[in-house]
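To begin, one chain is listed below as structure tokens, in the form predicted alone.
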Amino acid sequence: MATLESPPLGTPSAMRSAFGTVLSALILLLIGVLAFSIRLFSVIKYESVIHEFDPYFNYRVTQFLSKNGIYEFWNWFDDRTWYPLGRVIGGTVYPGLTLTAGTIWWALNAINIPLSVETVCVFTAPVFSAFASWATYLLTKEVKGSGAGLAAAALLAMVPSYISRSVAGSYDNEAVAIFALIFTFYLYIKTLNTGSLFYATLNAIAYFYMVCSWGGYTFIINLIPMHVLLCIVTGRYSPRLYIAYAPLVVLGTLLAALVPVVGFNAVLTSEHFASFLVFIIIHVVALVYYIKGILSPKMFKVAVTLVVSIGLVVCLIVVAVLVALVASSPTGGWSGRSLSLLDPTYASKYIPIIASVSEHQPPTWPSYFMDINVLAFLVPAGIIACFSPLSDASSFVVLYIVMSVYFSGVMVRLMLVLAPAACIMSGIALSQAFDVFTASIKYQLGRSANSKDDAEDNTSTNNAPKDDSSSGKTDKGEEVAKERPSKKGKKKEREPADKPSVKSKILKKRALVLPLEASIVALLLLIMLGAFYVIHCVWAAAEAYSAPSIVLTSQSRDGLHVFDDFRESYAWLSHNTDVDDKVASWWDYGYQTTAMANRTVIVDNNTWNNTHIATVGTAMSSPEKAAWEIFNSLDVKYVLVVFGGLIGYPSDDINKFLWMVRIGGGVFPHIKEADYLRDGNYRIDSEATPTMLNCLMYKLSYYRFVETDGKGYDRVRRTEIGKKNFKLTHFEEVFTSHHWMVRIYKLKPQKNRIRGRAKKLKLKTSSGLDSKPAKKNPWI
């Protein structure tokens, strides 16, 4: 590639270039500050606290890492989760987030900045959002220049879809994974543009960090092979493409296999097979190009036939091996989440535990306008701009946006993957549009200024006095002008033949020139569009995505109401139960119970054992006595349920109950969903089925609920409950939070069976004159 010579120091062009570099650096710094500060609404409005459910597990693991060190972390067997099975943490967790936060905490304490582990965890996501914005700038700059990069970075700093997973307190894997995703793509494009092995090695290391951080790394190892195959098919193969891809597959796969949670899955699962097939294909193509350069045309045809034949045989052998591996797996070598992406109906049919997660549901159309807003209108313009001209880098981002749009349409969680692609495309569209509009204004203003100068010159020459000396001078000037063409005739003949191309470029630029009024109006409309985007992003960051799920708020005429029932309940468990007590709840609350109450749970949010979760779902769906027996067999002492009927909290266990029935019925066939439905409708009023009214979840949620208002009106379901006055025989209420959101029950101890048998013998020996039948002992 030809390198452009830098302008000499002190020249106007050099000063302009230096000023542009400094200005770009300043803008990038401000974008980083913006990305960090817009995510602090949760801390300013509420407090510095961990959000959601999964982040509490990550926080607990980070605490263990900072206290015990890296070696103890890899070998940690956690007996507080999935009782009685337990969990090997080091081998079942993606360690990137934990190691990153632990390293930051260690570095800050090493330089005498004594921050707590919780504070580091709270602010990790906002810090990495700034890094992600800068990585977006680098990636977009490689595709369409620094102007498009700055626009894309500013858009990503504020996009609501990314804010939803990176606010202060959102300590989840995506906090660092999105930065790793964008940075890996940047290094791939950088290697593709430069052909540097140095950047190829960095690309493999960035991919390794992505593998450590998030299971979504499979998106990278499938998207890049697709782009390489696209380049080969369209005749755009080059040595730079080989350097960009081959080291990534070899070194990246070796490094990925070092991550314990991945291990040999890096070479044995179907998610990785596409990269190996393309790896073989690119070597065959590279060999063909190499042979073409050293052989004559006749020998080349023979050699190509031989190479292609051998390549096809190797590909067939590899395909046969892969087919054998796939055939040996009941799911074809794919994980359940991957199959649910390829077939959106797969999870609802076969794996209800995946379908039960709200973030695994398909998004609605309004969610696109909520999460990316006006970017949805700018993306098509960015795609068009990438085709003028089409390069390897621009074809990659086009493929990126196409694939991310598909996956975001399957799973709402993957709107997070769409956000960087949408920002890149929108940044390219805005940059191109601003270039056209500003160039049009500049051209039109310069044209009007030149026309004014010409008019002034014409008027001055017409008004000037005509004397002999001036006429003589003009005659001499005309003679000199006539002589000049004859003197330069030979030079004109020697001029290169690229003059028409320059003229064509000028004509092309003039063809893109818009009228002055239209350009000004278009610029104002773009500025207004940007203003609406900023307003929407600030509102989303302040109102929609900053409220922590563990502390709820409600605005009414009386002012702001805070519902702190979750922390109140976990504090009660921590202070009023024994350390070794086991707590049963639905899996949503397992991480929080372990982290905040420090109590052993039966299931949690890891959802790795479907049978164990189905056992808890079956207990919640069973009558009281059968549920007691299931929980007692698991050594459970307390049962926690979340109920929102009093205050109108919709994400309670009654609304999740049908998923408990479906998951339990998938393992234990005696649990049937139809038994809990009346004419296909899920009801909790007087029309509810007897199975529904007598199940444990119904009783634990609505026990004494009628005492609140005398009617038992459920504000979430907007109806009166069907069964109001009932008593519990096998469970006793030990705690109900202030707003009835969390209710904790204790299993009653089993009565002495000898006493029951003595009663039986006494009843048998007694006379049968009593007409009333003896009441059956519920404990036998």
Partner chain sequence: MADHTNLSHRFFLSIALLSTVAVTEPDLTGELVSLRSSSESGVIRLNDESVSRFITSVSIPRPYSLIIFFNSINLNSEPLQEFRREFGFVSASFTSNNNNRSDVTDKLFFCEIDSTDSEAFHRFGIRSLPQICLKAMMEEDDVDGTAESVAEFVESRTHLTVGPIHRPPLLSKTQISVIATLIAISAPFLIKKVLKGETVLHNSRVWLYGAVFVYFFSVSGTMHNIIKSVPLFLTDREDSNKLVFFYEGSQYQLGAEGFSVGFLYNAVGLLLAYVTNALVRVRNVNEQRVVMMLVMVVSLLAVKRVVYLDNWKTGYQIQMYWPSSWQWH
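Residue numbers count along the first chain shown, from 1. Keep in mind that this is a model prediction, so the values were computed, not measured. Take the two forms, find the largest set of C-alpha atoms that superpose within 1.5 Å, and that set is the rigid core.
Note that the form predicted in complex with the partner chain isn't included here; everything after this is about it.
- Residues placing heavy atoms within 4.5 Å of the partner chain in the model of the complex fall in a single listed stretch, namely 425-433, out of 102-110, 553-561, 425-433, 685-693.
- In summary, among the residues Y649, Y209, W659, Y368, the only one with a non-hydrogen atom within 4.5 Å of the partner chain in the model of the complex is Y368.
- Residue-level contacts in the model of the complex: of S309, T234, N598, N576, one residue has a heavy atom within 4.5 Å of the partner chain, and it is T234.
- The closest heavy atom approach of P247 to the partner chain in the model of the complex falls outside 4.5 Å.
- Looking at V642, you'd find every heavy atom of it more than 4.5 angstroms from the partner chain in the model of the complex.
- At least one heavy atom of S519 is located within 4.5 Å of the partner chain in the model of the complex.
- Although the partner is absent here, F377 is a contact residue: one of its heavy atoms lies within 4.5 angstroms of the partner chain in the model of the complex.
- Remark: none of the three candidate residues (W572, E720 and L747) comes within 4.5 Å of the partner chain in the model of the complex, counting heavy atoms only.
- In sequence order, L529, F532, I535, H536, V538, W539, A542, E543 are the residues of 527-561 having a heavy atom within 4.5 Å of the partner chain in the model of the complex; the partner itself is omitted from this view.
- The Cα shift for H283 between this form and the one not shown, taken after rigid core superposition, is smaller than 2 angstroms.
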